[in-house]
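The chain below stands alone and is given as structure tokens, in the form predicted on its own.
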Amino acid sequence: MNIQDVTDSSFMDVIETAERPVLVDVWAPWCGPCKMVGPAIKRLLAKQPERFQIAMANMETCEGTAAQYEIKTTPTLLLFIKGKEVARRSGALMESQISQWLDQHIDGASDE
């Protein structure tokens, strides 16, 4: 699967060199809802591995990235296409909600 743990130093490289849309999961080890969202996005990736890739950003170790993108809540999902942020969602989401959100932003956008 296309899942990478990112750090402040690797974040931009992963985003800018990705051949597919990148779904960034900004999470924290103490965050209860993160324990639901992380597995949900991994299940979605398993169903459609060619559609997108995942970057996991631990907010505690990616403080610079979290500050740069003004992330105040976990979990926060950021969607990057061709190196640009195109969408974000914060809070607990079910797998179906994440899938619908991805459908809205990936379909068509990656063809531009």
Partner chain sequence: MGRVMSEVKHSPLIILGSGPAGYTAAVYAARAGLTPVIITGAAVGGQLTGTTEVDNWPGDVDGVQGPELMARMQQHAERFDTEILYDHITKAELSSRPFALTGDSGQRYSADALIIATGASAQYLGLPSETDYMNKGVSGCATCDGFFYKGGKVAVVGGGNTAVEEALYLSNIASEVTLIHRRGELRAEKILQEKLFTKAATGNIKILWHHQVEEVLGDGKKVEGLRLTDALSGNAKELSVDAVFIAIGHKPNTELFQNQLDMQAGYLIVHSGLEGNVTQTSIEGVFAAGDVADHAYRQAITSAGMGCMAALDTERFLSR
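All values reported here derive from a predicted model rather than from experimental measurement. Residue numbers count along the first chain shown, from 1.
What comes next is about the form predicted together with the partner chain, which does not appear here.
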Look up in the model of the complex whether residue 48 has a non-hydrogen atom within 4.5 angstroms of the partner chain, and give yes or no.
no
Just to confirm, residue 43 within 4.5 Å of the partner chain in the model of the complex by heavy atoms?
yes
Hey, in the model of the complex, is residue 83 touching the partner chain, heavy atoms inside 4.5 Å?
no
Does the 4.5 Å heavy atom contact test between residue 78 and the partner chain in the model of the complex come out positive?
no
Do all of 20, 53 and 56 end up near the partner chain in the model of the complex, with near meaning a heavy atom within 4.5 Å?
no
Can you tell me which residues in 67-90 come within 4.5 angstroms of the partner chain in the model of the complex, by heavy atoms?
70, 71, 72, 73, 74, 90
